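One chain is shown next in structure tokens, namely the form predicted on its own.
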Amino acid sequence: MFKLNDNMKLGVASASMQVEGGELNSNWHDWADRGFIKDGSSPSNANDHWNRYEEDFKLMREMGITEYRFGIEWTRIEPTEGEFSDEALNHYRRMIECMRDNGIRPLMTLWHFSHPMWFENEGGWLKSENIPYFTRYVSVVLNSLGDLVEEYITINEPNVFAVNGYLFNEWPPSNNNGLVQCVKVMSVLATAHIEAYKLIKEYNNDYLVGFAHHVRVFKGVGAGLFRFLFQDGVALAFTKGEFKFPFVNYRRFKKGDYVDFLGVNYYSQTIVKGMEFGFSTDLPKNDLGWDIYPEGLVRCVRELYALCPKPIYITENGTCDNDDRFRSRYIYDHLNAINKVGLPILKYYYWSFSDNFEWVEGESSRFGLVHINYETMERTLKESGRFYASIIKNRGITRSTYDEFVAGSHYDSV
């Protein structure tokens, strides 16, 4: 049992493409239309959050949630190159106002893996010449919504997007040209982040800006190299404008401070065997086969803080558990671990508030505290959601809460 550190706030997270629903001309709708989603589902369905946000924010308020990391969808805002939708921007304005009316503080993600097909057809993030498209979009968002939002994530998990889309070819655009293109995409995204950071600080220098960095523990032969390519090199470029080889500084930025906080997304570890990547044989797994390894979150936070000592937001941490078997234990173990770190961890956003469209896994993988019936769109609070609400209410985990939600739970054996 423990009390949360005084400065730590608990929230939840989501991404626009994963929850909003609707027929859009985006890279992920195109990917689904071409049959690359494992269960045949589509982001056109998702959670219908676009129309049901009032219901979702009411439920968050009832759970005591006051911090929400959410995304806006570039494809909605600029469906055709150079033509911006006042209807979409006004809808987002109503959404954010509703969020705030329910006592929920927004952390806005500007790009979370999804973008218009016109941008993809122009070469997407593979071309540094396309960065002005992104900064123009950011400027429009600031001018339309900037008075309502004081905290921003520019780019979500640039390393995951680049690796899955340009190295492993499991995500759009699936350009099979390997490591060179993968590193170039991460470099372009880092450059775009710095440009966006500067724009937001020009709009209001008091606003807080970061990026959400996917980090993991690497173990095995060659782990150091892959850790640098996947996360440390990326972190240096995004946070300090320090582009070490093979990363490229496309705008020749001077070294400096380009984040106000460290956004940390953590789920698991990776075991390296040559050019093969996998998981351990002796740790419990979630439904996707990922290792349950709370100590890895502590290790990653320490390593990232050593590179860039800034306040820390855990912008994603969660587990896929389709029948809610051990999500409460997962949350307990990870919060307990970071509560002892002694570093300035100010926020923890559980991924995710509700079940959602989980990229190539589709609707088959459930991360949420709230169950979604994808046929009726009914929302049902899970036992883990009740547990999370109790942590927020009690500012920690009491003996009775532990006995009710954690003591009887266990991870599956390996």
Ligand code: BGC
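From 1 onward, residues are counted along the sequence shown. Since we're looking at a predicted model, the values are computed, not measured.
Just so it is clear, the following notes concern the form predicted in complex with beta-D-glucopyranose, a form of the same protein that is not shown.
Though the partner is left out of this view, F367 does reach within 4.5 Å of beta-D-glucopyranose in the predicted bound form, counting heavy atoms only. beta-D-glucopyranose in the predicted bound form comes within 4.5 Å of a heavy atom belonging to F113. Taking non-hydrogen atoms only, T401 never approaches beta-D-glucopyranose to within 4.5 angstroms in the predicted bound form.
Taking the partner from the other structure, beta-D-glucopyranose in the predicted bound form has no heavy atom within 4.5 Å of any heavy atom of F168. For the candidate set W31, F57, W351, Y68, a heavy atom within 4.5 Å of beta-D-glucopyranose in the predicted bound form is found for exactly one residue, namely W351. Note on contacts: among E151, E242, E157, E78, the single residue with a heavy atom within 4.5 Å of beta-D-glucopyranose in the predicted bound form is E157. Of the candidate stretches 260 to 268, 137 to 145, 179 to 187, 97 to 105, only 260 to 268 has residues with heavy atoms within 4.5 Å of beta-D-glucopyranose in the predicted bound form. Heavy atoms closer than or equal to 4.5 Å to beta-D-glucopyranose in the predicted bound form belong, across 204 to 243, to one residue only: H214.
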